[in-house]
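Single chain ahead, by itself, as structure tokens, in the form predicted on its own.
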């Protein structure tokens, strides 16, 4: 009878070959991750993009009745220091008269749910075709509702940035913002 020899490691004992296979596999996995990481990291936003994701604006120099335009994420943002008349006019509008009904209070409430009716902050892009409405600079036409007027197709917005007349389907967008102090607002 021929005797059969059982190779070393066949009964579950690890051999040198088993160790080398596991070590090689582990090194290949580490190498693949090290090679792929620069490509994966490249998908993250650039530092200059992250810096523009939010801005802080000092609103102290903005006089009552004045509006300014700032850039945020490459788009204009209108900040208007509304007069008591602007506020009263915006609050007195019946929601049933609005194509895109939204209360004035909802449009002047920051991320901390604090209502500041004297400050209106909206993205200055017409919701019709993406034009920039007039009404921020002194002497600009503001339309029938004393807000903003888009001369491209005649959309008119009121003192709360709500669409009142024209082809625009929606109100001027209100970005996420937070007053970090009485004079400093963080947009984004």
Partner chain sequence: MASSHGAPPVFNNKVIAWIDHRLPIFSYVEKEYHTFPTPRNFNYFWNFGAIATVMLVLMIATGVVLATNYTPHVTMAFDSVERIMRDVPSGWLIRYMHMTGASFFFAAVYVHIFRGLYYGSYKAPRELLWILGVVILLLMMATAFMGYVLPWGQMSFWGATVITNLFSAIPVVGDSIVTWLWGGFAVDNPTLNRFFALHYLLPFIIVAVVALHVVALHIHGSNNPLGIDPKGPQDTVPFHPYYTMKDGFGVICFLIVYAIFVFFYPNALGEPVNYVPANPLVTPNEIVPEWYLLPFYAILRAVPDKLGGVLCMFGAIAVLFVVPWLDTSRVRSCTFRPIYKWFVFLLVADVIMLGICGAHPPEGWYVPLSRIGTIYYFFHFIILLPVLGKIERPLPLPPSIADAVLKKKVA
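Only the largest set of C-alpha atoms that superpose within 1.5 Å between the two forms is called the rigid core. Given the structure is predicted, the values throughout are model-derived calculations rather than measurements. Numbering follows the first chain given and starts at 1.
Below, we refer to the form predicted in complex with its partner chain, which is not included among the displayed structures.
Heavy atoms within 4.5 Å of its partner chain in the predicted complex are found in one stretch of 58-66, 25-33, 140-148, 127-135, which is 127-135. Its partner chain is not drawn, but in the predicted complex it has no heavy atom within 4.5 Å of residue 88.
Remark: residue 75 counts among the residues lining its partner chain in the predicted complex, judged by a heavy atom distance of 4.5 Å or less. The closest non-hydrogen atom of residue 14 lies beyond 4.5 Å of its partner chain in the predicted complex. Looking at residue 71, you'd find a heavy atom of it within 4.5 angstroms of its partner chain in the predicted complex.
Once you line up the core between this form and the one not shown, the Cα of residue 41 ends up 2 Å or more from where it was.
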